[in-house]
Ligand SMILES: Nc1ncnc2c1ncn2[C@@H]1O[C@H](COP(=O)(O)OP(=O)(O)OP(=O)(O)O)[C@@H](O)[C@H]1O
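Only one chain is included here, represented as structure tokens and corresponding to the form predicted alone.
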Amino acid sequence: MKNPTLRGIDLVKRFGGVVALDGVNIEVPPRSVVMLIGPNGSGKTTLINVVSGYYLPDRGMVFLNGREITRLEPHERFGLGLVRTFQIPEPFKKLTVLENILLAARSHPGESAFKVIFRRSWRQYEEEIIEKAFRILELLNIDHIWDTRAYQLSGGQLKLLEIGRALMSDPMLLLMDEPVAGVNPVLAHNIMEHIVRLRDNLGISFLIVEHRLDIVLDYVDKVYAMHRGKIIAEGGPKRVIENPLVAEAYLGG
């Protein structure tokens, strides 16, 4: 049986007297889109920060594809294929879409003191990553704006650019913080359709935090609902949304 792409076991995180995570267990299967929901203050962002390495848990373990990564730094997790995007994209605004994508490529020969002297390897590498960048842009349907500067993009296009930069690093798992926040419904559905296509075509797993349940629920395989640092429901979208504990958490605070 294949390991889950992500597994969090008995995760606890405290901030002074506040228990932000209280024994959280979570799994993201291979080739899946998993959604994390809950009212503000339920612990969703803290969980993402623990999984991505921005916070160390006070207790518990995190595994990526069967390997324990609990104490690894964020850049070490990135090197293993765990990549995070943020609610507000922060591209290099004066660079073009293509230039922003290219900057996310890993293992450039110029980063090695030994390889830097072999210009021929540079040329081959640069040709390869440009081809790869255009394949990603085509996959996201933003190849027609490859030479547009980032500050000229719409909110939805910025979200797609953020996904494109993440894809340049060949992720195994993408953690996404509100990927359709602030985007009009048409573009929001478009972004989610791209996420499902990436799951199916590239085998990437996704863990998504999102409040726009009316849009995102139709695209996900599994949902975890959080309240006061605990998982209160998990399973298929319909089952979780209809759970009385979930309704009480949202309505009762």
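Just count from 1 along the sequence shown to find any residue number. Because the structure is a prediction, the values reported are computed rather than measured.
Form predicted in complex with the named molecule: not shown, discussed below.
Although the partner is absent here, Gly66 is not a contact residue: none of its heavy atoms lies within 4.5 angstroms of the named molecule in the model of the complex. Among residues of the shown chain, Leu245 is not one whose heavy atoms approach the named molecule to within 4.5 Å in the model of the complex. When the named molecule is considered in the model of the complex, Pro185 lies well away from it, no heavy atom lying within 4.5 Å. The named molecule is not drawn, but in the model of the complex it has a heavy atom within 4.5 Å of Ala20. Although the partner is absent from the chain shown here, none of Asn3, Thr5 and Gly8 has a heavy atom within 4.5 Å of the named molecule in the model of the complex.
Of the listed positions (Arg197, Arg31, Arg59, His211), a single one reaches within 4.5 angstroms of the named molecule by any non-hydrogen atom in the model of the complex, namely His211. Checked against the named molecule in the model of the complex, the candidates Ser52, Thr45, Asn190, Thr70 yield a single residue with a heavy atom inside 4.5 Å, and that residue is Thr45. The stretch that touches the named molecule in the model of the complex, counting heavy atoms within 4.5 Å, is 36 to 44, out of 212 to 220, 199 to 207, 36 to 44, 22 to 30.
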